[in-house]
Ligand SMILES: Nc1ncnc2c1ncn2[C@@H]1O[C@H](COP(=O)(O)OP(=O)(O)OP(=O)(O)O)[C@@H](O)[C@H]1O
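Next up is one chain by itself, shown in structure tokens, the form predicted alone.
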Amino acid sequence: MGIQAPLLRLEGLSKQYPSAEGAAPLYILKEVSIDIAQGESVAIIGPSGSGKSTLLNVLGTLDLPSGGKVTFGGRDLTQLDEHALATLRNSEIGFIFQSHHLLPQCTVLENVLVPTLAKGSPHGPESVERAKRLLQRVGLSERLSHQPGQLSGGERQRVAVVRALINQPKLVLADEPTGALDRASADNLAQVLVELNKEEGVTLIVVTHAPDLASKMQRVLELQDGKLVEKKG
């Protein structure tokens, strides 16, 4: 058997923004190259303003790189049109943000099923069954008909995690997922992310300032001066 190709490959990835007239452009990412395997869990750390969220947005196809190449599942993302990128975003990538972005008028179950609507057909029984199973898995089986305003912050983030997983993505990107939570809720969510990463076989990339969360990932990468540096345990 041959060596499995990485799920994600970054080659010479750069991101720059124009500066004031006459000034050199501002480089956020400089020649970033790294491979990330299917099923891996990776933390990206670094000071505020170092470009962590920018990198996550490029990986999630929410932003375009200025140069270099991003290969996802063997496809060069820089060569796909917006329609193809939107399809890939919905079906193969899940997003978790610091703010849960749940719809306040919808129930927990309805919020989880929102990504399935983008496929152009009402959510089928398989999606509903998966949603209920995952919500039970994260301890929310008694909250299916609750609205977000009736949940704690930690519970809302667990709903957001399940929503990110509902379409069985290959990749989940989490931007400061525990940033707005108290210590106990953050620890609980970190454990949920680690366990679901293993159970679902999904690749997990987490941007975080929290050392406890970063330490639970298999790899820790630090963004320093626009470059990714592997931190050895």
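Throughout, we count residues from 1 along the sequence that is shown. Remember, predicted model here, so these are calculated numbers, not experimental data. In this text, the rigid core denotes the largest set of C-alpha atoms whose superposition between the two forms falls within 1.5 Å.
The form predicted in complex with this ligand exists for this protein as well; it is not shown, and the discussion that follows is about that form.
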Problem set entry | Non-hydrogen atom contact residue 177 with this ligand in the predicted bound form at 4.5 angstroms | no
Exercise. Just to confirm, residue 47 within 4.5 Å of this ligand in the predicted bound form by heavy atoms?
Worked result: yes
Exercise. Taking 4.5 angstroms as the cut-off for heavy atoms, does residue 181 touch this ligand in the predicted bound form?
Worked result: no
Exercise. Using 4.5 Å between non-hydrogen atoms, is residue 186 touching this ligand in the predicted bound form?
Worked result: no
For this session: Sort through 25 to 33, 162 to 170, 195 to 203, 65 to 73 and report the only stretch with a non-hydrogen atom within 4.5 Å of this ligand in the predicted bound form.
Result: 25 to 33
Problem set entry | Partner contacts for 6 to 24, taking this ligand in the predicted bound form and a 4.5 Å heavy atom cut-off | 17
For this session: Superpose on the rigid core, then tell me if the C-alpha of residue 218 is displaced by 2 angstroms or more between this form and the one not shown.
Result: no
